[in-house]
Ligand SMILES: Cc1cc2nc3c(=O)[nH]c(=O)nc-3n(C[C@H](O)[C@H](O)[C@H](O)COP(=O)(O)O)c2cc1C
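The chain below stands alone and is given as structure tokens, in the form predicted alone.
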Amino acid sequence: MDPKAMYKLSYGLFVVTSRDEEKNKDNGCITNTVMQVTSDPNRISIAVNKANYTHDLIMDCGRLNVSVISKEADFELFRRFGFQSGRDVDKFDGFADYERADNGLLYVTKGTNALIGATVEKSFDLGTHTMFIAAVNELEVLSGAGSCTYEFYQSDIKPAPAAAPAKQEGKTAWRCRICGYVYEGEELPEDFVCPICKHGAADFERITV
């Protein structure tokens, strides 16, 4: 099977934010799993990996914001919100392109074209992820730029992987197509997760170093 076929699905890309009220801490993560499920009443669904810090904030806070990423976004936006954990760093530290919405949560104002604020009504355990069904209560168009799809990110925003370092000639390794991380070994475990960008084994390609 060719995992690149999945890139042809019309995923959007989003920064999903929530807040720890007790610690007075905001956080966000990148996801491609937001969609409208009903228009009247207006509801969205969003699936968030349980390993993400933002997942825990949504579970506790019950509110979330979706910043719809546009084609004007640069790779730094994905690096900030997708390639590091909010448990380790403050993702908004040194970042100026955000505002606080009426619901008290932050949203990203640059490289995005819309804000969707929502309140969780139901959640469903999907094993590795939780799916949230949320009522939309805040909407704002931020720019007229087109939305960034997963395919556009792969072809136009994501930098080409760095060349694998020359070590022992003829040695098998696996290179992450997303960030360029190289795992050395004859076989890549099926459940392997890139330690840099958190993508799974499907996003690795076999190389020889």
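No experiment lies behind these values; they were computed from the predicted model shown. Heads up: residue numbers just count along the shown sequence, starting at 1. So that the term is clear: the rigid core is the largest set of C-alpha atoms that superpose within 1.5 Å between two forms.
One more form of this protein, predicted together with the ligand, exists but is not displayed; see below.
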Discussion item. Since only the chain is shown here, I'm wondering whether Gly86 would be in contact with the ligand in the predicted complex (any heavy atom pair within 4.5 Å).
Written reply: yes
Item to complete: Evaluate Leu188 for contact with the ligand in the predicted complex, applying a 4.5 angstroms cut-off between non-hydrogen atoms, and reply yes or no.
Response: no
Worksheet item: Taking heavy atoms only, is Tyr98 within 4.5 angstroms of the ligand in the predicted complex?
Response: no
Worksheet item: Is there a non-hydrogen atom of Val68 within 4.5 angstroms of a non-hydrogen atom of the ligand in the predicted complex?
Response: no
Worksheet item: What stretch, of 138-146, 59-67, 45-53, 180-188, brings heavy atoms to within 4.5 Å of the ligand in the predicted complex?
Response: 45-53
Worksheet item: Does the ligand come within 4.5 Å of a heavy atom in each of Val37, Leu115 and Ala134 in the predicted complex?
Response: no
Worksheet item: Using a 4.5 Å cut-off on heavy atoms, which residues of 178-199 contact the ligand in the predicted complex?
Response: Ile196, Cys197, Lys198, His199
Worksheet item: When you overlay the rigid core, is the Cα of Lys198 off by 2 Å or more between the shown form and the other one?
Response: yes
Item to complete: Taking the shown form as the reference, report whether the CA atoms of Asp125 and Gly200 lie closer or farther apart in the predicted complex; the distance changes by 3 angstroms or more.
Response: farther
Item to complete: Work out whether the Cα atoms of Pro195 and Thr128 come closer together or move farther apart in the predicted complex than they are in this form, the change being 3 angstroms or more.
Response: closer
